[in-house]
Each structure stands twice: as structure tokens, then as C-alpha cells.
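For reference, the chain that follows is the form predicted alone, supplied as C-alpha cells.
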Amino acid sequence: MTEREPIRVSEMTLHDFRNYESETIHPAPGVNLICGENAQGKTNCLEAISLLSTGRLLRGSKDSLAIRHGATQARVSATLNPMGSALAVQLALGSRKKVLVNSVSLPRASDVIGRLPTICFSSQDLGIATGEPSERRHFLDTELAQIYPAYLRHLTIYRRALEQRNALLKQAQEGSFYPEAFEAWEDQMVEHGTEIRRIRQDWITWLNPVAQSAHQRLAPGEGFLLTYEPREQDLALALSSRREDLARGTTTCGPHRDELLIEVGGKAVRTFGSQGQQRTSVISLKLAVLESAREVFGFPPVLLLDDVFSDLDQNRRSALVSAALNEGGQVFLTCTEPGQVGGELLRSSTIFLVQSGRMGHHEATL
């Protein structure tokens, strides 16, 4: 794809969001360092960008928890260049979140996905390597929904059908079982579940050698392998049998139960990997996702790096710093003090100082 000018945040305002009462910043198009002590609001700033990107909070918490204590609603808004479009997300107690583009409300919060592509790396992402299969499926769904709009459509329809089928299974346990009631929902699950699996598998096939290359730079000599593992081969047959699902009252087959296996040195990193191997595997995966997004969009997405310097050794830090500098897109990186990032990155950065939900308006470029 022909290279295009990256989409970037040129202005962002936080109003009653987390610990910010009212704050406006003007980020640089390159690297932005957001510095301050812990619990001052650094991650909250990154979370605001992620909310504008995905319609969801970075930490998976309830929307109401992002509203500043004592307030009834919160608003995050931004101007995106080079288009000059205005993007906003409003959260309010007792009502659904609202997403607006150029002051026009979108039908669904998920419709915002793809307007401000981002790739995020934080310590929580280590759960991709160490956590349950649901965390790896969440990783797949989050990244693919941004990169491929068709994937989000398939996922939305599949989840709705899954919810309806599970409701019918609960009713069946209470004595109301009508086989024909299942068929329409199962047909949708087969159609869209098959497409979800196809897109996931194709993406992992593309991602694998790119992640292997990144992993080789970080940990020479250690093999790296991604494998997508469907729970069953024939989704239509598994859904139509229903016996196990009726006994359990929930749907036990389908892409919502599949696994992404990450191996280092021929062994599952979740079970057998050291902490260093687990961190390296996640960084390699994220660097590959960054490359995938750039390939599809024709420009690098906004890169969000949350407190990575306190968690990583020098080798792994250098890999992320190189990505931040070489990709050429906008970067937001949090740290406790500017000196943590090293001279090369510091010289290329615009620095914001955060204290108690206030962000320094002076931008010191070193």
C-alpha cells in the first residue's frame, strides 16, 4: 500500500475524566513523553486516547469509574490531523456512552473503531502470554477490529447470536426446549464464526514470521511460534448436536472458545516460559502487530507505551525505542522521569509533566 500521512492527535481535551478536571494538551506529531510520579494521571492520558480509538477503557473497567469523583459525566475530545476532524466520547452516570464525529453522534460506540488507529503496550499486556485463553482472544479481537472493519462486523453479529443461543439454553434447562428456535441463531454463528476464524488464521499466518523476526532480534537463538487452535473443526456439527451445551447451559464451541498458542523454544510460553521469555514474546507480538497495521493502513498507527521502562531490561527497551523512533508515527510514552528514556529518544521528544491531574502546558523539547 502507498504510504499515507499518519493520523495523529493535534489537540486533546479531558473533562472530568479520571483525575482530570479540565485539561487541554497539544501533542507533537512525533514522540510525546508524559512524565510524572505514580498516581498523577499519566496512564489516564493514554487511556483517553485509547478510548477515542476503540470506544473502550484501557483497563477494562466500567465506564462510570472513569468519571471524576463528584462529577456526573466525563468527556474526552480530540482534533485529528491531517483531516481536521473532531472526535469525542462522552460518559455519563446512568446512561450509555456516546461517540461523536464532527458533533454527529454515531449509532454505536464501536463505530469509532478505525478512525484513530492505535497500538498499545503496557504491563497488563503480559497477560497475553501468562493469562487464560480469553486474554489472547481479547487481543485478537481488539487488534483485528481496528485493522479489518469486516472483522468487527462478523464479531458483532456472532456475539449477538451467541448471546441469544445462550439465553435459549438457559430456558431449555428450565423446561422450555424448542429445537427450531435455535436454528436461526446457529446459522448466524456458523456463517460469521467461520469468517472470524478465517480472518484470525490468515492474520496469524502473516504475523508469525514478522513476530519471529522481532523475537530473533530480542532473543537470538530462541525459536518463536504462533499457532491458532480452533476448539473444533466442524462448527455447524458441534452447534447442532447441543447435548453438552444443554447440560451446561452455555455454548461450549465456537471461536469464542478458541486458543492462540504462543511457543518459545518449542514449549508453551504460558506454562514453561520464564518471565523474561514471556515479556519478550509479548513485545515481539506487539511489534509485529505494529507492522501489520502499517501494512494495511499505509501509515503507522499511534503508539501508546505505558510505563514500559520500569518493567523491561535495556535490550527490550531498546527494541521499543527503535520502533518508536523508526516507525515515524505519533507516540505517547509514559515514564516517571525523562532521564529514563535515554538520550536518543529524549532529543526527539516533546515532554509533558503531569502532577495531580494537571499537565504542564510548556513543552520542553530536548
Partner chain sequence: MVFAKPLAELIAQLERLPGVGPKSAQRLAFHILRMRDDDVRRLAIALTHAKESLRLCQQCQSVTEAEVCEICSDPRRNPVQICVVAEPRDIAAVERLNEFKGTYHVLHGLLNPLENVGPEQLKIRELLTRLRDTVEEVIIATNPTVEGDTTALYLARLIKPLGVTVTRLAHGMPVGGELDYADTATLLSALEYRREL
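Residue numbers count along the first chain shown, from 1. We call the rigid core the largest set of C-alpha positions that still match within 1.5 Å between the two forms. If you're wondering where the values come from, they're calculated on a predicted model, not measured in any experiment.
Although not depicted, the form predicted together with the partner chain is the subject of the following passage.
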Within 4.5 Å of the partner chain in the predicted complex - does that hold for a heavy atom of every one of Q164, E183 and D187? yes
The single option of R197, R279, R294, R115 touching the partner chain in the predicted complex, heavy atom within 4.5 Å: R115
Of P107, G266, P220, G94, the one that lies within 4.5 Å of the partner chain in the predicted complex (heavy atoms): P107
Flag Q171 as yes or no: does it have a non-hydrogen atom within 4.5 angstroms of any non-hydrogen atom of the partner chain in the predicted complex? yes
Taking the partner chain as it sits in the predicted complex, is A150 near enough to touch it, meaning that at least one heavy atom pair lies within 4.5 angstroms? yes
Using a 4.5 Å heavy atom cut-off, state whether R137 contacts the partner chain in the predicted complex. no
4.5 angstroms heavy atom contact with the partner chain in the predicted complex for Q275: no
Work out which of the listed stretches, 250 to 258, 76 to 84, 95 to 103, 209 to 217, brings a heavy atom within 4.5 angstroms of the partner chain in the predicted complex. 95 to 103
Within 4.5 Å of the partner chain in the predicted complex: residues from 281 to 308 (heavy atom criterion): none
My question is whether A181 is one of the residues whose C-alpha shifts by 2 Å or more between the shown form and the other one, given a fit on the rigid core. yes
Is there a C-alpha shift of 2 Å or more at L162 between the shown form and the other one once the rigid core is superposed? yes
Quick check: S240 between the shown form and the other one - does its CA shift reach 2 Å or more after fitting the rigid core? yes
